[in-house]
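So this one's two forms of a single chain, laid out as structure tokens and tagged structure 1 and structure 2.
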Structure 1
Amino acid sequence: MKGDAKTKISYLILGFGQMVRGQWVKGIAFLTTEILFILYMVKFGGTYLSKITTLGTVETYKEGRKTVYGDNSFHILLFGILTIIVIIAFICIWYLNIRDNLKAEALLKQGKKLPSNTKVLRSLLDENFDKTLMTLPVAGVFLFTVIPIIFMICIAFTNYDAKHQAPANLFTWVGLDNFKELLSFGTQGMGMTFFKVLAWTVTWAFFATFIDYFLGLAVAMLINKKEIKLKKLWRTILVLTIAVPQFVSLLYVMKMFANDGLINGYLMKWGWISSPIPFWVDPMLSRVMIIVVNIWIGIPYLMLITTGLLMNIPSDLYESARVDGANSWQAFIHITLPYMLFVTGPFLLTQFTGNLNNFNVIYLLTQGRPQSINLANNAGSTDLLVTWLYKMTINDSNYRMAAVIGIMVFIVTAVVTMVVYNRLPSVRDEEGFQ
């Protein structure tokens, strides 16, 4: 152990060196942290941490009319994870305590004075204000984001499902069994279903991103033409699609195209068809309808974004192109499109990854239907991985497989993002477009 006696004692009693050296504010803060940590471990965290390897062994049972509750695997896992994070946080604070002691010792050896308690408190609102300001947000991120993510990952390695519901029935660790089940093509596996849903998810994300993008760009260019009048009116009409909540508009569209809906009703009334068109019954037609409806939703949003960007393209470029004999199509291919792709490359990537997890459009239109006998675990023909995950959780209480699919969604999204992002011209050469 480095340092003098005061510092060495601080290895065990946090804040001791600071208090002995007169830095009471720091010393009391470190010591309070240690006391709270010990109380937490003794009174609460230690109990759950000791059982995290088994997730509980004492089951709930009936003793006459009285229910005797045993272990709760859910609580053991959740609070066990929280305790591990608390331990890691305490180790970081312990390290800061030792580093502060060594720094104070070095200053005293150099004949310098240590910061007074008043100066330390004032620094929290001055040079260290950034740390003060970020304390609460960082704690919130860990509490409401990091811990749930870690918890979900851990669930993927357990048998937590409808048959293992705490506290009545304990669940336990099963290793990689869930991943093997998801990727297996045997009779008990879900490999065929997973890869079919994954293929549709990627296909949907591709069409939903790029069809909307190019059509939105086309509409923006059309409205921006000098010959077009009432530009504000056309933009307002298109923006109304965004103004109406998707919950309302998508449910209305779903009802319109149902077998007994408005569209089929009028087509049959006019004698154009003899039986309802299976818009939401035929798997392929349902997928086409979803993409078409998403175009109706997405074009206005893309139109607004691209309108602002089109105005930033120097008009001199188009004038030079016309002088060189380029027509409108050539000007679009060699000036407009390269500029737009360069500027909106990161946005397109964000849209694509967002569409991989686009829950609203799919679930509000079809709820993943129609069902297919070739798909397992209630997966529908129009289900994305995220809607399939949702149905597994809400309908089947199959939390273990839902967690596995959640991890797979993250892997797919992360791989696509990393591969494409590093190849974007706007990332590789920020000054490349002139």
Structure 2
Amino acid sequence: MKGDAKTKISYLILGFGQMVRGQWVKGIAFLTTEILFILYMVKFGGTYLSKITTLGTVETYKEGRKTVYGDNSFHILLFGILTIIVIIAFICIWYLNIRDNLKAEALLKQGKKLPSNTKVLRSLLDENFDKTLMTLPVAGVFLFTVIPIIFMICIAFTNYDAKHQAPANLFTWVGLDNFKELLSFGTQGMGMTFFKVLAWTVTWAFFATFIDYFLGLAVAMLINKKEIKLKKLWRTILVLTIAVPQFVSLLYVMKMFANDGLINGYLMKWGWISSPIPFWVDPMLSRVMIIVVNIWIGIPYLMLITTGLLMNIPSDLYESARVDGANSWQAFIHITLPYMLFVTGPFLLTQFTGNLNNFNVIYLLTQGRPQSINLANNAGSTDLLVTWLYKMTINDSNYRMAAVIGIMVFIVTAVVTMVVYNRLPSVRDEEGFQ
């Protein structure tokens, strides 16, 4: 314990030193935090924290016809995590408080004046403006993103499923059992299915990203041609798919291609086919359809993006190419494409990882169907890992396995990102720019 008496008291009573030294704004802020923290721990957090190792032991029981609920494992885990985060945050603040005290002490010893209260407040709009700007957003992310993610990671190590649901039943820690189950092969095991779904997820992301990219580029170049009039009209038509909410357009498209839908109906009426084309029934065909429909959604984005970028390519590059006798295809291969790939490298990467988790398109079009007797845990042929895990939670309340798959999705995404990101030429250059 360093510092004088005022500082030492501040080890216990936060903000004491500051208040005694006249910095009551800071002092009150620290003290309020401490009081709130203590209140939180006593009134709310403490009980949850004490049970987090077992996730509750008191069973729900009946008293006559009345139900008396026991421990709620879900709440214990959730608020236990919250409490741990709160404690860590408090320790940080406590440390800041001590550091601030020591600093003030040193300043006074050197005979300098402490900054006045108004100055402290004003600094929040100037040199400490970052604290003002970042506090709420960072806290928001912690409360509504970080805690839920920690929670879900924890769920992967519990037996929280249909048979162990709060509040009527308890669940508890089970270690690595769920991971073992995921990698179990054999007739009932999930292993084969997991890898099949994973393979389709990656295939889908690959096609969805690159087909859209090249077609979008092609359409953008087409509209950019000098001879084409009404450029704005063409772009506007395409952009409709971005503007109309997907739940409207995709659900309609889904119905349109149904076995008894509009497309099959007309084709049969015109006598082109005798039995409906099973767009959403055949596993292969439905996969192709999803990629095709995704082109319909994806091209407009890519067109917008590439249109702007194409204009940035210095036109003298093309001029000199033409002088050298290159035709337009050669110009595209040697100038346009390298430039575009260079500039949009990071974007393609985020597109790819985004498509790995592209829930809406799959769910609104097929909900992962068609299913197959050859896939375990009700996976379907068009299921991505994310839609599969979503269905697991909704239909089967199988949270533990869903959490395991969630972690796997994270690992896949993170590995792809890390391997590719550092190899992107534009990233290395941008680093220099920054």
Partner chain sequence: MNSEKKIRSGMKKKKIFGTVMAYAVLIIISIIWLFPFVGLTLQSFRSYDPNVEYGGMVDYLIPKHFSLDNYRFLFSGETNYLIWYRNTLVIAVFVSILQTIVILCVSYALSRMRFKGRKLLMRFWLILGMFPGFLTMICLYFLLKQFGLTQAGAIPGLILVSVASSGMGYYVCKGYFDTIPKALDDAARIDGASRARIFLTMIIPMSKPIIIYTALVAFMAPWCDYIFASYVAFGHDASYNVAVAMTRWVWTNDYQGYFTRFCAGGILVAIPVTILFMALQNYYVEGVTGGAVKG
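Definition used throughout: the rigid core is the maximal C-alpha set that superposes within 1.5 Å between two forms. Residues are numbered by position in structure 1's sequence, first residue being 1. All figures in this text were calculated on a predicted structure; none of them were measured in a lab.
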message: Two copies of the same chain, shown separately. Which of them is the form predicted in complex with its partner chain?
response: 2
message: Superposing on the rigid core, I want to see if residue 320 changes position between the two structures - specifically a Cα shift of 2 Å or more.
response: no
message: Could you check, with the core superposed, whether the Cα atom of residue 117 shifts 2 Å or more between the two structures?
response: yes
- prompt: Honestly, after the rigid core fit, is residue 177 moving at least 2 Å at Cα between the two structures?
  reply: no
- prompt: Where the rigid core has been superposed, how far does the Cα of residue 17 end up moving between the two structures, given in Å?
  reply: 2.5
